[in-house]
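First, one chain by itself: the form predicted on its own, in structure tokens.
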Amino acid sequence: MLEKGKISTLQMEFMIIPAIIATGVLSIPSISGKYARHDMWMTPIVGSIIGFITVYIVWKLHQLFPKLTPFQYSEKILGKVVGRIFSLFLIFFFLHDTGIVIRQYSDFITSNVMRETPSVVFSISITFVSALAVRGGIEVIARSAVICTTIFLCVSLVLLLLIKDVEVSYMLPILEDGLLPVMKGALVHTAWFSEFFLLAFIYPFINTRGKGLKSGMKASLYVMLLLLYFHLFVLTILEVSAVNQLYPVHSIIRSISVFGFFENFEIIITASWVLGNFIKVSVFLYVANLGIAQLFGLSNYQITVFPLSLLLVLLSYWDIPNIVGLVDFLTKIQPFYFILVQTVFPLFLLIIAFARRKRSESR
């Protein structure tokens, strides 16, 4: 086995939460609010259904192939040739996805924090630090995640300082236009919730068997509650005007003032968000490198980490010319693209695997 490290289910949860939510927490409320308006707070609840379904599918596949990743068991399910083609497609998918994450990160820092610094500086820096973590293995990523995710979650409590400014009336009228706008807004969330497919690459390295499903479901619930938390504050502070802002969570945090003295909390939030994105990029980069090593039979995955990291920096600027194009991709393409690859395709793998097993048992 290329990866000899083992992690606990708790460490897995600390890894997967920022791997799902890090990029979405700032931009999702604005995008989902364009469709759901006053009902935007319902969208993460509906969207989380895909997360729970994906976790269940991934867990059933893991039970069938407990020591293998999707790169390995796809060959057993689909055959060697088709399985390798599918694995290669997955590698390109994760590379593309990681490039999008890096681009979101660098564009946010450039447009809101350090406007005079070229975005490529931030792209290179986060990719390099993540590459160092990936070279250390899954245990290093997991231990880093425990620290970074704890800071990320604790700092999120800063929003509670805005309770005095909350206007519950902004949530009314409820379901003014029915459920359809909520469903459209929830579709945006499904792209992020489908990323629980990442668990398929972590389950083989958990040191406690039998608890992966429960931990995966808990992680999906935590992500839903976090997104609900941020959506409620954005809606009750900015109302529907939140849809006109690219990063509404950042906007409401900038308005926090305690006794007219403690201000600029957005600096703390930005720092914690950087830590969350570090974990997200590390997890995606780890999966891509593991896939390349398993597909091509390399002795270890560390040798491809830095070359692949350089490719990711280039890829992050390849198909997304500007922030407008990025938002358009996140809204119109990403939900369908991500659900297809990370939920529908694994479901097909599970159905085929069960069918082949049933056929072999009947002989």
Partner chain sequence: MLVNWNTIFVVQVLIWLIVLFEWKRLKNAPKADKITFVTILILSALLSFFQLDNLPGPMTFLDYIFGPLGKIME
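Positions refer to the first chain, counted from 1. Keep in mind it's a predicted model, so treat the numbers as computed, not measured.
Keep in mind that the form predicted together with the partner chain is missing from the display, and what follows is about it.
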Checklist entry - Of the options V223, V188, V287, L199, which one has a non-hydrogen atom that comes within 4.5 Å of the partner chain in the model of the complex? => result V188
Checklist outcome for this item: Contact with the partner chain in the model of the complex, heavy atom within 4.5 Å, among K184, K211, K218, R84 goes to K184
Item to check | Per-stretch contact check against the partner chain in the model of the complex, the hit in 96 to 104, 191 to 199, 74 to 82, 223 to 231 (non-hydrogen atom, 4.5 angstroms) | outcome: 96 to 104
Checklist entry - Just to confirm, I333 within 4.5 Å of the partner chain in the model of the complex by heavy atoms? => result yes
Checklist entry - Any of the heavy atoms of I303 lying within 4.5 Å of the partner chain in the model of the complex? => result yes
Next on the checklist: Quick check on I292: any heavy atom within 4.5 Å of the partner chain in the model of the complex?
Outcome noted: yes
Checklist entry - Can you check whether L64 is within 4.5 Å of the partner chain in the model of the complex, heavy atom basis? => result no
Checklist outcome for this item: Applying a 4.5 angstroms cut-off on non-hydrogen atoms, the residues of 295 to 310 near the partner chain in the model of the complex are F296, G297, L298, S299, N300, Q302, I303, T304, F306, P307, L308, L310
